[in-house]
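In structure tokens, one chain follows: the form predicted alone.
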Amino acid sequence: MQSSVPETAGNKHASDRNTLLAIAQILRKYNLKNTEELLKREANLTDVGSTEDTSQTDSEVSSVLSAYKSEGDPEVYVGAYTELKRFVEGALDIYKHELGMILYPVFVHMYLELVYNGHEEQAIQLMERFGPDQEEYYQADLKRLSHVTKKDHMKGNELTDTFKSSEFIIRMSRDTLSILKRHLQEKKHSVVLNIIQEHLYFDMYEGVARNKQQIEATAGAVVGEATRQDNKAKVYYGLLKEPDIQYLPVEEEEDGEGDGTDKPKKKKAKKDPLFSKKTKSDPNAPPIDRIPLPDLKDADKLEKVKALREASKRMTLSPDTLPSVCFYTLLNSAGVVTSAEVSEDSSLLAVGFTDSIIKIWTLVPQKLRAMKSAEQLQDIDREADDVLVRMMDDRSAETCRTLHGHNGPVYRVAFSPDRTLLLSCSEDTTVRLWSLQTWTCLVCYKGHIFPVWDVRFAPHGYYFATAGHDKTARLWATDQHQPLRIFAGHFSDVDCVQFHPNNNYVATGSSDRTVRLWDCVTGNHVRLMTGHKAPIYSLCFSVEGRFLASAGADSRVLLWDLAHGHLVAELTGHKGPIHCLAFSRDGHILTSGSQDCSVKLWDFSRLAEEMVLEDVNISHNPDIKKSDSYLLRSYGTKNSALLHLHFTRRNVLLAVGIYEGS
């Protein structure tokens, strides 16, 4: 619910009338006569036409139209803010921290009001005197704001636009809110009162006021916390039922391998029920036809069988059996390499460079072959079982290939699940789709109007998502030139994007320090999660789809429960920005890689068990787990910043990093 500070009936009537007059003035300006007449008749504004009235209302109207009213005396602000600060500091400890949340937004709006009304000197004084008192995580924003000292500077400025157009959201208990209202009524500081009524939104809840730790955990986003309404929608976080695949090809292949492999075959048969148990329909899964998915081709089915066979030989990880780590170091690449990605089956590595090229290496003995020429392809028997193998030209095989096409740094590369395609996004605002059979660019997608920071294929292929500097993320299909959905709502760059394992949702992390979850079907955001204190660079869903891990420039990994949108754990220990996260294939271990040249392994299965024990829905904010005991191991590199982490199907951890010479 929205609470605002009570006004007297007279004031309210006057302000309502002024608002209606402002609308009438806009209608007159655009020559919408009939609509203006209708409004006047319905709102009883019959006396507006007279000239003497117009001159008097014009000034009132323009004050309604401008976001900030002029308070006349610029000297009032420092006194009003000091008074508010004294009131917060003098409040009882139980309410003090919740009341303290209003200081930052009130301070920012006071500063902007002074700038808007041309009181540059007083604005600078206010900033210098009270700016350093604000929370550490707001200091970067305040530094950017301090450069806005004239009304003209406010035009088109991302931060001032955000504050002018969006209410700052504060979650507050009923008791704390009533104390604040009483204080404001007694003091009658019109400056503070105006700001609180115009620019703050109180999301009131019943219950005990939150303590400092609880507030700190979810504070830090550009426009305050998420309202409870933001996380009310139902999220189908379960996994889709796996298609039933005949295991015949496996047995044929294994028979062909000789008698020695009979035992593994029996072992495989034992494993099958385990796999079918997993594919029972999940009660939290979306309906299978909720989003149209591509049909499985024969090649995909064979690939799935191969993946199952690999998975049957997988190491089950635990605190006692940690994964082996294989590290790929990119030498002489500091400042040149921007991104790296390993394909799902761990056979290919793609790397994006600042000089707009993409390189692809094979990580297995098979070399990268190109397709034969059109003339040669005509001679091939199309009915042959191995037609795909025959189409490739062995003479062209190489261990590394280069793709040219972008004309700006390549910020992200992504393999399709079947490894036949690669997506790349760049500063040149385009996304390109490359064929890994002909090694050429197939499509150039244009939709974003600014650099594109991230691109990801959906787990089932066909769909992909992008994120960019234009504050939007977009959902695309490979065969459509235009995006299918535009996810708009972030207040700053969308830095990273990730698909939910069931294809129905996309998560985004932004420089506005929030994580959002979007529904691919409706295009709406269904979760808004606040708690990061700096831009977010990496997202990763847990294997069973219920939890989301996010990390970024604040060197912390946060874990969110998608069922309710709650923050459930905070993992600290890294000393630099975190650019990559990965869950092991069995979901037991979460790994994070940072610019501090280390990889950390966290005990996720223990965390999940401890979280499920509590019913998180009871309290409005469950306690956040912070214990260092979840850290299982930390591996340091000599001097290589981590770029990418990937678990193979057998649970070996592959890491890619950039070696930076001393």
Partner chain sequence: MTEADMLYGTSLSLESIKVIAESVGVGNLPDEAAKQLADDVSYRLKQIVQDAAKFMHHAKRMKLSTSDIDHALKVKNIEPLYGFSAHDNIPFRFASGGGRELHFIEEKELDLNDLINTPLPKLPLDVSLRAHWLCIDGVQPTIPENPPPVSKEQQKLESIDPVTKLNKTAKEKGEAAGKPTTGKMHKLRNVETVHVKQLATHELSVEQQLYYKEITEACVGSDEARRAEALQSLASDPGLHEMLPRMCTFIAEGVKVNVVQNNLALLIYLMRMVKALLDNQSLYLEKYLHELIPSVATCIVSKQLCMRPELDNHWALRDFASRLMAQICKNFNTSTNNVQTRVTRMFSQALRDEKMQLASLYGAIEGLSELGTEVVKVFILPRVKHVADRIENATEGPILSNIDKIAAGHIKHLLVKVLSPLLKTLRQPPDYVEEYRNEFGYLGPALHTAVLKARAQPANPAASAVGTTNATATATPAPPTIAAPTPRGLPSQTGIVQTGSSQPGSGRTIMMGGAGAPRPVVGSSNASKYVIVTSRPTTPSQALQPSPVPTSNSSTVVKFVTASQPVATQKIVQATASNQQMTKLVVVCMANSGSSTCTTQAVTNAGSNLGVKSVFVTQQQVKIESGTEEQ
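Positions refer to the first chain, counted from 1. Just so it is clear, the structure is predicted and the values come from calculations on it, not from any experiment.
If you look for the form predicted together with the partner chain, you will not find it shown, but the lines that follow are about it.
Given that the partner is absent here, state which listed stretch (219-227, 157-165, 234-242, 561-569) has heavy atoms within 4.5 Å of the partner chain in the predicted bound form.
Within 4.5 Å of the partner lies stretch 157-165.
Does the partner chain come within 4.5 Å of a heavy atom in each of 112, 197 and 490 in the predicted bound form?
Not a single residue of the candidate spot has a heavy atom within 4.5 Å of the partner chain in the predicted bound form.
Since only the chain is shown here, I'm wondering whether residue 98 would be in contact with the partner chain in the predicted bound form (any heavy atom pair within 4.5 Å).
Contact check for residue 98: no, nothing within 4.5 Å of the partner chain in the predicted bound form.
Could you confirm whether residue 607 comes within 4.5 Å of the partner chain in the predicted bound form, counting heavy atoms only?
No, residue 607 stays farther than 4.5 Å from the partner chain in the predicted bound form.
Is residue 505 part of the interface with the partner chain in the predicted bound form - any heavy atom within 4.5 Å?
No, residue 505 sits far enough from the partner chain in the predicted bound form that none of its heavy atoms falls within 4.5 Å.
Verify the contact flag for residue 574: yes if a non-hydrogen atom of it lies within 4.5 Å of a non-hydrogen atom of the partner chain in the predicted bound form, no if not.
No, no contact at 4.5 Å.
Out of 353, 104, 462, 439, which one falls within 4.5 Å of the partner chain in the predicted bound form, going by heavy atoms?
For this set of options, the contacting one is 353.
Within 4.5 Å, heavy atoms only, which of 90, 283, 365, 335 is in contact with the partner chain in the predicted bound form?
By the 4.5 Å criterion, the partner-contacting residue is 335.
Who in 100-138 is close to the partner chain in the predicted bound form, meaning a heavy atom within 4.5 Å?
Those in contact are 120, 127, 128, 131, 132.
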